[in-house]
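Let's start with one chain on its own, the form predicted alone, as structure tokens.
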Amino acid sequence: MSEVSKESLNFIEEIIEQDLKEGKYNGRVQTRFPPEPNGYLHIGHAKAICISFGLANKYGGHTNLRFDDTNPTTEETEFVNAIKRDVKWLGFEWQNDALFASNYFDQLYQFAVDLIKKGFAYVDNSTAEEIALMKGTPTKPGIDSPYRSRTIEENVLLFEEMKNGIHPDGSMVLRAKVDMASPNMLMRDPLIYRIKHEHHHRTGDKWCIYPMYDFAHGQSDSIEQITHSLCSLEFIHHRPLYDWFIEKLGIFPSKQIEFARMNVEYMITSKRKLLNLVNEGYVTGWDDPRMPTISGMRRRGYTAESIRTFCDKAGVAKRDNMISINLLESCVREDLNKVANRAMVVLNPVKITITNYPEGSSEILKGENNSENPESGHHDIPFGRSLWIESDDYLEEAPKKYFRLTPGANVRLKNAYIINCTSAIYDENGNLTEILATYYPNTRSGSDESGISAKGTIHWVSAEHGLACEIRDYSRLFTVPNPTAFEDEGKTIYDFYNKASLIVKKDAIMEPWLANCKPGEHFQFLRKGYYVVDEDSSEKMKVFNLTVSLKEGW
């Protein structure tokens, strides 16, 4: 084991270090990340990935990527491929090939037979409704199923018949024989296997019975000899059952450890609710930039580095809490400030004419790509008589501390000259159509020794050379920080759906050097925010997604 600082260890690190000190598992650290392939990974999974892979890396161990594919009704190869892509994009590699719980179906079946032969499992013909009623309530013990006293021989035969497809779906299940009076409802003879005549994405039609998650999960950990099975806090009540199966089967003693799940303001992490958002058209897909999925955040322009930093800053806790989305966005800004080149893009253009600049003339100015990166270089910026600027950079009657364009005021054009606004032109409806100004030829940026000053600086794009582009301004998908908090009041997340979470601007104008940008490239649009080139871009039309504003609260 490499030397690890003892300072500020989280509780999982303390457990691992104590295990290593005591020589448990022969000094090994083996973790796993076990998603069910029934949807795309979200921000909560990102935290689980960072914890499981990160701790294994820290202590010289390994991590398995295992798909807990025990429900053929909801699982698809598409989700398997998406999950692999997301884990790699976050910067992690799993040990050997990806694994599947379905790899162990034969072994899991034998485990179930072993439990039956030891008297710890039985076949129950009760309906789902009857089983639910027999389980009792948290304050009232359950009652034994009438099938609980079946002989071992009868249970072995019936379970084999279940496997051989003799019985229809829902006609019987295999249950563990634990304790119907346990205060933990999950210990009241939980289901182990159910009949599902469904085609499996990997095993095809070989099986018509499938193990329940609580049975397959711990046994798969044990088969892989996972030393530290890390999962979110919602599984804490499942741990006694996890341990019970391992004990009764006498197999490798994997240890389940729970940590607080990642709850982030304005995001939801229920795959069922996320699937509904997709199916009901509230978003365009799992990778919609408003979604809290890893693929959605990647398309939004979040970087893998920023997500890892966020998970690290959020920490590893024992109690669920709500993390401020401002922390996530600040991590994104911090990273993009280092890697994103600067560019000028006018989102709501109005034309400005510099009346004393020679007609038909133009010149090439220089713009620094990124002042945070000395090696980023510069790009050419064409300048001429007619420019596009933001329409809200002009006010006819401006307040005292307004430092943009207003009649009689000087303003610096970024990377160019100081201009003086002289007047504006309006149409018959009172809409601003053009601004008139003059420039000071001896105030060119980088060589200005004129003594002429301007308190404000604005961005611009040459009207002759600028290119049209599409801007997709994304904001939060919900209008309240925790849209699920009102379910007891009869409200759903759709009551808080933000109808203004996407605003599309098709008449924006960008600098011509952006014509060659590629999907996934990041830019800071001066004075506006950080944007990423979307995959919908083409040679003729570039599409940019707003990743995050320049400052919190903008």
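Note that residue numbering follows the sequence shown and begins at 1. Remember, predicted model here, so these are calculated numbers, not experimental data.
As for the form predicted in complex with the RNA, it is not shown, yet the points below apply to it.
Among the residues F252, F235, F120, Y147, the one placing a heavy atom within 4.5 Å of the RNA in the model of the complex is F235.
Taking a 4.5 Å heavy atom cutoff to the RNA in the model of the complex, the contact residue among V113, M212, A304, A98 is M212. In the model of the complex, no residue of the candidate spot (V87, S501 and D507) has a heavy atom lying within 4.5 Å of the RNA. Residue contact with the RNA in the model of the complex: Y426 places no heavy atom within 4.5 Å of it.
At the 4.5 Å threshold, heavy atoms of E14 reach the RNA in the model of the complex. Contact check for N321: a non-hydrogen atom falls within 4.5 Å of the RNA in the model of the complex. With a 4.5 Å cutoff on heavy atoms, T433 does not count as touching the RNA in the model of the complex; it lies far away.
Exactly one of the stretches 87-95, 354-362, 188-196, 149-157 approaches the RNA in the model of the complex with heavy atoms within 4.5 Å, and it is 188-196.
Along 146-182, residues G170, V173 each place a heavy atom within 4.5 Å of the RNA in the model of the complex.
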